[in-house]
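One chain comes next, on its own, written as structure tokens: the form predicted alone.
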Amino acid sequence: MVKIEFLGPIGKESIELDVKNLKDVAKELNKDENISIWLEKSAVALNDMIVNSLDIELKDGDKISILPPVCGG
């Protein structure tokens, strides 16, 4: 199982999924309209490190963070 947390204005509680890689995570998250709208504009972190590929294999206990864009001043 991996834990997925949704940061900032996404407004969703963390969930746990039994998946093998980040492609599987994306596939599952795209099933939820409220989450899917954020996916193409958000960064993804695996265990607090930004990743750019969905071909990454996951291990039990990994933490995935969905980081929406923010602006500040």
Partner chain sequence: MEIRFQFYLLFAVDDMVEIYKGPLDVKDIISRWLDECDGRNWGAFIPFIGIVRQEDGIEALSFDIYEPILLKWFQEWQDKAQKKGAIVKMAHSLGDVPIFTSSYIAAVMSPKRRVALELIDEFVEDFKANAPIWKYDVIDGKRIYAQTRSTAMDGAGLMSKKD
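Bear in mind the structure is a predicted one, so any value in this text is a computation, not a measurement. Residue numbers count along the first chain shown, from 1.
The same protein also exists as the form predicted together with the partner chain; that form is not shown, yet it is the one meant from here on.
In the predicted complex, residue 14 stays away from the partner chain, with no heavy atom inside 4.5 Å.
At a distance threshold of 4.5 angstroms between non-hydrogen atoms, residue 19 is out of contact with the partner chain in the predicted complex. Residue 36 belongs to the set of residues with a heavy atom inside 4.5 Å of the partner chain in the predicted complex. At least one heavy atom of residue 66 is located within 4.5 Å of the partner chain in the predicted complex.
Shown here without the partner chain, the chain has 5, 7, 8, 9, 22, 25, 26, 29, 30 in 1 to 31 lying with a heavy atom within 4.5 Å of that partner in the predicted complex.
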